[in-house]
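A single chain, nothing else alongside it, follows as structure tokens in the form predicted alone.
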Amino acid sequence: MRALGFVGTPCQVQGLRKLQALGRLLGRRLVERVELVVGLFCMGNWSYPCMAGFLEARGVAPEEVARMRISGDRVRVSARGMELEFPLGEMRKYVKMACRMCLDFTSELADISAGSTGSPEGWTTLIVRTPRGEEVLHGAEEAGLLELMEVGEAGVEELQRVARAKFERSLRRIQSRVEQGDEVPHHATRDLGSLEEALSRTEGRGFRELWRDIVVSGLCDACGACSAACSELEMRNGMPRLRGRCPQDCSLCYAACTRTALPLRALEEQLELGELRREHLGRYRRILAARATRGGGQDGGAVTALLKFSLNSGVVDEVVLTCRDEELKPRVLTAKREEELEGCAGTVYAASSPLPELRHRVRLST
């Protein structure tokens, strides 16, 4: 059986962890053996057509973009040998509706979480959460692939400030929907003590109800957990679609979806997370700044260095992650070599659906 690494945003990491927990509960193999989960800091993803239209209206074709990153309140774009900047506020209206109701900035269920907030320019902030995360980080440092330093209290407070800002904005939107009589089940179920209790709320509901309750309502974050759980579904244009008929009396897609129920506290208990905790940052063991000692990458290249070590040391055989194609569109890739990882360096700001690829790996190995 292959051992996989996975890199994703908070919603994608949540989807993976719920699939793992659901598989154990049902005695089924829903996803491949994932040995390392790297979660990315995320304020929200843009709809690709909107992002492309925004750039084109300012004279930049998506295929001309060499690099795109967010720094503070600015969007920085490298294109045609020029460095362009736009106010981040101008693009916030293009953030997907589901992202506007996400409460997690730092991927609290990952083995290692990574992003630029809290560290100096050219460094990556790493929140090490699990023993596996510590093992990989230590191995990469011992192999000479990473340089590490402590993140001071000021850096941690800045990280916490940004995470709190996202949480509070999203919570206000959620509360507004609830006041209007709409349900937001991923928020209402956060403190449930068990996955069984969460699943009891999804019994007897299949794809028709998933489409009505989650997709039509704008709650779907396009992670693809439903499609990863059921081979009768596929993701098309960021939405789940039936290939044929929905299996009778099957509620697997509804059960797998993180937006129908997301018992975060129960999922946390299934992971060996550190005992340290800060509000809006989750549980962790250490918070460090890191940068790669060789090679490129965004914000110090630490994520690429961690993945290279994991591949070369045998921690994982392949890494599932999202890259960009020539037109800046998100593309899910399974990387097996260093060159493929280097080709994916940098953040992809448009939403993708990587979780079904984990189901695809299961089918290939059975």
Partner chain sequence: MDLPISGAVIVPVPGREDEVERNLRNLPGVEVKGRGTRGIAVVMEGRSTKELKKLSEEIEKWEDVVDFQLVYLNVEDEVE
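Numbering follows the first chain given and starts at 1. All values reported here derive from a predicted model rather than from experimental measurement.
There is another form of this protein, the form predicted together with the partner chain, and it is not shown here; the text below is about that form.
This chain is drawn without the partner chain; in the model of the complex, the residue among Leu148, Val215, Leu281, Leu192 with a heavy atom within 4.5 Å of it is Val215. Here is the short version: of Arg80, Arg161, His138, Arg241, the single residue with a heavy atom within 4.5 Å of the partner chain in the model of the complex is Arg241.
Of the heavy atoms in His187, none are within 4.5 Å of the partner chain in the model of the complex. In the model of the complex, no heavy atom of Gly204 sits within 4.5 Å of the partner chain.
Put simply, Leu252 is far from the partner chain in the model of the complex: not one heavy atom of it is within 4.5 Å. Although the partner is absent here, Cys50 sits close enough that one of its heavy atoms falls within 4.5 Å of the partner chain in the model of the complex. Partner proximity in the model of the complex, defined as non-hydrogen atoms within 4.5 angstroms of the partner chain, places exactly one of 175 to 183, 102 to 110, 221 to 229, 272 to 280 at the interface: 175 to 183.
Residues Arg92, Lys93, Tyr94, Val95, Lys96, Met97, Arg100 are the members of 82 to 105 with a non-hydrogen atom no more than 4.5 angstroms from the partner chain in the model of the complex.
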